[in-house]
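Okay, here we've got a single chain as structure tokens, the form predicted on its own, with questions on binding and movement later.
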């Protein structure tokens, strides 16, 4: 199957469902993208994989071991984790944090010092070594926490929004590290993001999530599906009234401006018939959605499943 296996995962927090019946696998030497808007359940899934949260239904296996209440020590050493929020004890320096974590992973103090500096160098952060974490910017702290995932080679990397807060130069460096980990080391990488462009060209498969799985499969298949999505653009004298009419007809309309509405998954004829005699129509046209528009329509529940 995969180095990480998530099967039928359901997790609830009191009165709300965080994720429901989610199944996917992260294979050796591959990047799997976990895509969805904020609140879709991406962090909950990663917490369940780490054993920091217990599923209500379903199960998780990492390196063949079922995860119950935490990763077994043998498995934990093989997993590199990058949290979404770069929080760390502000009184520690970057090297103090990384050395402590390296020792906790079983390294000697000498090896921990060497590996801490090597990991920071991978992220161009050598000069952070003696600086306290509380004095670093959010993006700088994020680089330190990415570095800790690379303290030693891993079999699995769980990266929760790793590129958030980084500038373009360091996003490129993180992408390079991920490519090297999967290509040279044969690691399995689960990369979560709310942006399609962050996983495009990096992931071989994606899981699009909004509590439930909206799409699971190859990246090229997803891109092909999204690029077929179309919209109808209508220029009218009263877009707000047109919006109400179109939605009342069950069409997926959204307001663009005071004089323009867009309708997803509709024909020009449907829009004209719905609006005729109610608002003045200046023009109606059909166009393909661009990739990001189509992705957003999918995760908002406005596009296809």
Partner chain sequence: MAKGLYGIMLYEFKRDLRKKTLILVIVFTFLPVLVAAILKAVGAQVEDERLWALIMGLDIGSSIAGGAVASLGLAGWAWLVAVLYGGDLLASDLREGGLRLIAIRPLGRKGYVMGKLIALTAFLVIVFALAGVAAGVSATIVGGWQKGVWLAPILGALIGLGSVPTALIASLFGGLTRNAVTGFILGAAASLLTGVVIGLSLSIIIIKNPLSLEAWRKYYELNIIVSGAIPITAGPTLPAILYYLIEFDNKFIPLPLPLVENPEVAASLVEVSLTPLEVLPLYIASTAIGALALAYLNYRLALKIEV
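Worth saying up front: this structure is predicted, and the values here are computed from it rather than measured. Residue numbers count along the first chain shown, from 1.
Although it is not shown, the form predicted together with the partner chain is what the next lines describe.
- Shown here without its partner, the chain carries 186, 225 and 228, none of which come within 4.5 Å of the partner chain in the model of the complex through any heavy atom.
- With the partner omitted here, the stretch from 66-74, 240-248, 269-277, 34-42 that lies within 4.5 Å of the partner chain by heavy atoms in the model of the complex is 66-74.
- Proximity of residue 87 to the partner chain in the model of the complex: non-hydrogen atoms within 4.5 Å are present.
- The closest heavy atom approach of residue 107 to the partner chain in the model of the complex falls within 4.5 Å.
- In the model of the complex, the partner chain sits within 4.5 Å of a heavy atom belonging to residue 154.
- Heavy atoms of residue 13 reach within 4.5 Å of the partner chain in the model of the complex, making it an interface residue.
- Among the residues 173, 96, 126, 180, the one placing a heavy atom within 4.5 Å of the partner chain in the model of the complex is 96.
- When the partner chain is considered in the model of the complex, only one residue from 101, 214, 219, 122 comes within 4.5 Å through any heavy atom, namely 101.
- For the stretch 121-157, the set of residues having any non-hydrogen atom within 4.5 angstroms of the partner chain in the model of the complex comprises 132, 145, 148, 151, 154, in sequence order.
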